[in-house]
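Heads up, the chain shows up twice below as structure tokens, two forms, tagged structure 1 and structure 2.
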Structure 1
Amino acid sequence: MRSRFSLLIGAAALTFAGAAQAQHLRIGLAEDPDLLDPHQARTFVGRLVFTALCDKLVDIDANLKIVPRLATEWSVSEDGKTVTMKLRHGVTFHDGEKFDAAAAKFNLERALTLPESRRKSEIAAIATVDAVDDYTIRLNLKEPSSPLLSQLTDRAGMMVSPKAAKELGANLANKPVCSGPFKFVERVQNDRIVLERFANYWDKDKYHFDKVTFQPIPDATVRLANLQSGQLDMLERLLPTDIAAVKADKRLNLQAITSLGYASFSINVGNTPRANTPVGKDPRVREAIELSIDREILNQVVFNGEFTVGNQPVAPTNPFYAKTMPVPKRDVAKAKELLKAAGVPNLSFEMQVPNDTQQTQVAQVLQGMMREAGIDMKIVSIEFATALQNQTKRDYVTSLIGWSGRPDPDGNIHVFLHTGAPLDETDYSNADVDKHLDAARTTYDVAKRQEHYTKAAEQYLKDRPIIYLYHVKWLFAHSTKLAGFKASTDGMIRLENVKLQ
């Protein structure tokens, strides 16, 4: 009897020990992601989820160097028009299907041809893809493409199961099947996205969570309160005004790093009904709006001076920043003169603003500054996903929005400012800008690329379809129990070697 009792106690202890080792990571997001299909998606928060869900051909390290993931090595031909990639063996998708050259070929072709794909512009240089053998692919390019490998470090290089994609088509977003360290379990819109550990992941020993839950909480104060109360283990995009509170809390850690992206507001300058406004039709009005803004004051009031003021898609410290177009100083008198010349001395227009705390504060400061120039900017507070839908439909006048940034400048510029690009939702079109942005893609010479980007900037910054404001710092707050996390300049949450102690 004693022996049987001891065995039962031992079994119970083992069961309890196993349960105690289960790790559940809860991450607070500033918005709810859009579509969970890497070829269709466009949101920053969606990229955070994809980092755990979908592996990609290559990635970037802390120094923005391109490093292997599903592609273990690669080479570029002398003429720059062929890229050959060797693929990793022993990789499976979450549905058990094998990853190989045929799967990689399928994914790149899907990114190029799926009607709903937002990756087309990013990898438009690819003419065809060959499966050379079971684990080698060759990308045949229309022309040399300096940003191509950089694009493959993000959603354009993410691999989904060909079987699932063929069965579901664009509906793959409702049940994504990738090959990352965690697989999809469920999504409840505006509430949670749940992933669980993928037991057959090729590098599984570096991932320690059994479950990861992403919780969209737009209100930054509520997001922080959830972290402080233990309902979250981590949050992204802490408000700069909350830095002191996190530093004062011995249960929390703070990590900060300057981003690759920018914050801005887009202006509908096309030919749709909502673009038929003085703001959309007259460059003088857009110049007046910019001249009413003091970026330094905006940075101090909303961000405690933590962010970097800027007026271009890349930061002033970036080698591709157009030095001939520095940040303009505020000039209320000139703004009023321009509005008078344009026939709208009492300009009034709408700006749609995502309904999170920080964006609302930015909009309110901009509103106050514009008022001093006689501009009545009306804030239309709106849910983030709806704001994106409005942009896609061109159902907006101006829209406060940001971009998380890419390692290569092409990823911050071409997709927004080239005629017909997937995110050219201002409907901006200028042949000279197109010429220089295309030329910058087709040379590997850094000096020549800088020259083309400068010439393009000298035009689009005068046209102002987008008015750039600042470059953020990614601010992460997390429990001191969370070990191994390192903030990245791309803002992604990489869970490799991260665990709860």
Structure 2
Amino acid sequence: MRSRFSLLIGAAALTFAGAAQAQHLRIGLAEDPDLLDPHQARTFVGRLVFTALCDKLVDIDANLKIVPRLATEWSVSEDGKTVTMKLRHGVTFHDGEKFDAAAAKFNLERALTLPESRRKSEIAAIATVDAVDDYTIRLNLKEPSSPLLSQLTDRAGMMVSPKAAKELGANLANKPVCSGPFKFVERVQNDRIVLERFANYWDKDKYHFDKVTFQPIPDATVRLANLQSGQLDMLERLLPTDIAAVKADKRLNLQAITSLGYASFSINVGNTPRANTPVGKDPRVREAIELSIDREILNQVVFNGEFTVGNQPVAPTNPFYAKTMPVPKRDVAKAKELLKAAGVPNLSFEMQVPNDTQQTQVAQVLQGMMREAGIDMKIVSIEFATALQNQTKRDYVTSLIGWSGRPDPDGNIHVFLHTGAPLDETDYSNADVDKHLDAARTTYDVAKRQEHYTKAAEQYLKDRPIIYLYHVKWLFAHSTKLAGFKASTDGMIRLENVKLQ
């Protein structure tokens, strides 16, 4: 019995050694992805898988510049209402189908019309798509749309095999057929997603892994333990509190990059019953709340100073950051004065907080700082699904929540701050802001867009329907054997030129 057992261990060790030579990359994910169909998927974590599985029309580079993938070049018409794209030759889907203009047209139309599609609002600017010739498509827009191209750098621009999509419909999610560098092998829910090298990939020389396995391991400590003991080669979303441990480990490397998203708290400022509080009604009270906060201290206490402090929907390093509105300094005396002027020297209000450790800590630090300004902020700890429901029903006073971020500023701003926008859950409405946000969306001139976003920011940051706090950094830890990996600001793992040594 014993000899049989040691034989098994020996066999296991051999397989393991073999796997190392065959370039098998194992990535630890913080959650289990949802549907593996780029048009139906909803989660951030799923996008990590799509980056290896599905190719897209265009991509972003390290400076958020739009660069070619399946579309090699593109141009916008004089009136801004048509976008013409030349497509790459010699691209095939994982099932051997050819990628051409008809396939691209099919995909964009699927993203716009499939009932289960979650991409509709992202590319709503597209009215119709024409296949001009075999390798040229024309997007006819309802109105000029500067954020459109950036939407095509993500799931809305990913191409699935038309043949498979027609056969499987919405069930494509169980057997995705894309055109990316790796193709789908199997998925065991809550356990693993396995991809293998796609031999006919148009850019295959830059991809070195024979197999890529994504393993969802929600417990951050266990995820790190797996990396330390060699069962993983890399992991995403390391806890800021584990940075020291990774830096101290000679076998591990760390990479950090400021995300495109933000963390904030929303304030119900509309006309619903729960907005009828001093916090919801009086901008002076909201200013006092912001002045009682020291964002730097918050960052130090909860995140070891690792995240990026901010006060706007985009990080201070972003080209669209409104420079006229820098991060305000804490001023407790002024906060007290404002509260007195507003007639609520002993302000008390509720904040709903998702019941995970980190969010709770953030809320507690905010609570402590507000108390020094005489504000009694009550934490209502709540489970995430319920928090979302309260927001959509406007059944909240303030709500601690974040946004994972989009490459174009429009995706961080318009959807939350424009009157009646899908996620305008604060019920904020200002005609001037609407005007600037719409104008920024319909012009392609970067300087003009910056101007509009700055004008809008000067208004909504004074009205404070949302108080922005910080920008998460994407933290990746990986084995020192992994070479060539560079963290991207959208949090994705791009495997181009990455290999195990």
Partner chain sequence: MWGYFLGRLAIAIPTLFIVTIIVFGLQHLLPGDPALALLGEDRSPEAYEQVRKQYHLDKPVPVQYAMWIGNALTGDLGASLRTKKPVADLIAEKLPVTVQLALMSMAIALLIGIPTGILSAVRRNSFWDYAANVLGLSGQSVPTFWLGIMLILLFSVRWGLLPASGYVSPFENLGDNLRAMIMPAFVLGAALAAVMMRHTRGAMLSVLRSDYVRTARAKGLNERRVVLRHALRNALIPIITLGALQLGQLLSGAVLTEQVFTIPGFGKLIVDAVFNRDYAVVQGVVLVTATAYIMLNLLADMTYFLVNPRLRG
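Take the two forms, find the largest set of C-alpha atoms that superpose within 1.5 Å, and that set is the rigid core. All residue numbers here refer to structure 1's sequence, counted from 1. Values in this document were obtained by computation on a predicted structure and should not be read as measured data.
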Block containing the form predicted alone is structure 1
Once you line up the core, how about E383: does its CA shift reach 2 Å between structure 1 and structure 2? yes
After fitting the core, H414 CA displacement of 2 Å or more between structure 1 and structure 2: yes
Taking the rigid core as the reference frame, is the Cα of S292 displaced by 2 Å or more between structure 1 and structure 2? yes
After aligning on the rigid core, report the distance the C-alpha of A341 travels between structure 1 and structure 2, in angstrom. 17.5
